[in-house]
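Presented below, as C-alpha cells, is a lone chain in the form predicted alone.
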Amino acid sequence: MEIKNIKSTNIPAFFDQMIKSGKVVIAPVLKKSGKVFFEAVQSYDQVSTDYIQTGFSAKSVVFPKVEELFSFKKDDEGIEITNNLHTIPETVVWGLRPCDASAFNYLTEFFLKENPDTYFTARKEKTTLIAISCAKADNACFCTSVELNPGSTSGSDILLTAMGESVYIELITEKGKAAVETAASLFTPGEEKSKEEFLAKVTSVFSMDEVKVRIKTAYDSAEWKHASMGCFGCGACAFACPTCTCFDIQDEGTQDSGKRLRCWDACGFGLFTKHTSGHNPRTNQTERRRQRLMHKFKYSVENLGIVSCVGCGRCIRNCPAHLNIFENILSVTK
C-alpha cells in the first residue's frame, strides 16, 4: 500500500481530471427526493458530499439491473450473434463507503470462483473503486458487526479519509495508483497513520464468530416466523443490497431476431422458486426470509468463505415494513 496526501481544496481538480482523462465517473448525486443515488456525472459540482449512505449500491456498474447478454439475427445466410462487451467503458466509481467497496469482494467471488462470468469480468476489469471513509453513521449501520469498520480498505482501489484541511489517501491497487497519476501534481507523499479519530463510531451489535456457530442449528428456529412478520416480498432489500446476486434470464424476440437479458431477481419474490410444474418449495414469506438471512450468514460462508452482508444498513432503511436484519439474526441465533 502507498500513502499520499492531497489538500481538501484540490479534490475537485483531481475528480475533474479523471473525467478529462476519458473515464466515465459514477458518483453520489442528491436527487429532488432528498435521497442520494449513484449516477454518471460531468463535474465535481454535481457530486453530493453530505450523505451517510446512498439509496442503492454501485453494484449495478458491474452487475446491471438489466443486461443484454447477446442479440441474434437470422437470415438466409445464417445466424449472427453479437454482444456489447467491446463497448464497456473505463469507469471510476467515486464515493462508495468502505462497506460497499468490500461488497465487490463477494461479487467477485460469486461471479468468478467456479464458472467465471465473462460479462462480470469485462466490467470489473474496467472499473476503479474510490471509496471514502465514513465520518458519520446512523442506527442502521452495523459494519463493525460483520468484521468491517468505517475505514476499511477491503475491496477499494483507493480509500480517501478526510482529515481537516487534507485528505489521507491509501493507494491499495495498481488501478488506484493509475487513477492518481491522472493528476499526480496534486498529491504529496505521506506516511501511514491512524485514521481512528476521523471515523464514525459504529457500535457492534453482535459477534460474527458467535453468529457463525449458532446459525448452523438455527434452520428450525421458531423465531423465523417472527423475523419475517410483516414481509411483503417486495424485494426492496435485495435490490438495495450491494451483495445480492439473484438473477433471471429472459429471452425477447422472435425466431428470426431477438436478445437474451439478465435481470435482477430476489429470493423474497413468491415466483423465484416456483417450478414449471406449479410446485413451489418455498410457499410463504417465512421460508423466503429465512433463505435470505441463511444465505447471508451461513451458505455464503460455507460456499465462498465470505459473509455476504457488509452491514451497510440499506435493507433496514428501505424496508416498508421496517424489518431489521441484525435484530432478526439476533433473534434466531440467541
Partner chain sequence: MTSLQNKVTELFENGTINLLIGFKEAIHKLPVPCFIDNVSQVEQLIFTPSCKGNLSVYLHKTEVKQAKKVGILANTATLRAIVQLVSENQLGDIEKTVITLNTNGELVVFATMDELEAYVQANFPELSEEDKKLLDQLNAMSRTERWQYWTEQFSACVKCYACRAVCPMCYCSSCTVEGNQPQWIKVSSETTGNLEWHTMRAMHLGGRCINCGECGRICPVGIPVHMLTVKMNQDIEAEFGAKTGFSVKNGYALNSFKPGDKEQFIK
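The model shown is predicted, which means the values in this text are computed figures rather than measured ones. Numbering follows the first chain given and starts at 1.
Below: the form predicted in complex with its partner chain, not depicted.
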- Query: At 4.5 angstroms, heavy atoms only, are 56, 139 and 235 all close to its partner chain in the predicted complex?
  - Reply: yes
- Which of 187, 239, 224, 168 has a heavy atom within 4.5 Å of its partner chain in the predicted complex? 239
- Task: Using a 4.5 Å heavy atom cut-off, state whether residue 250 contacts its partner chain in the predicted complex.
- Result: yes
- Contact flag, residue 51 vs its partner chain in the predicted complex, heavy atom cut 4.5 Å: no
- Message: Considering non-hydrogen atoms and a 4.5 Å limit, does its partner chain approach residue 318 in the predicted complex?
- Response: yes
- Item | Contact label in the predicted complex: residue 160 to its partner chain, heavy atom within 4.5 Å | no
- Item | its partner chain in the predicted complex: contacting segment from 188 to 196, 259 to 267, 148 to 156, 170 to 178, heavy atom within 4.5 Å | 259 to 267
- Task: Would you give me the residues of 296 to 334 that have any heavy atom within 4.5 Å of its partner chain in the predicted complex, in order from first to last?
- Result: 316, 318, 320, 321, 322, 323, 324, 326, 327, 330
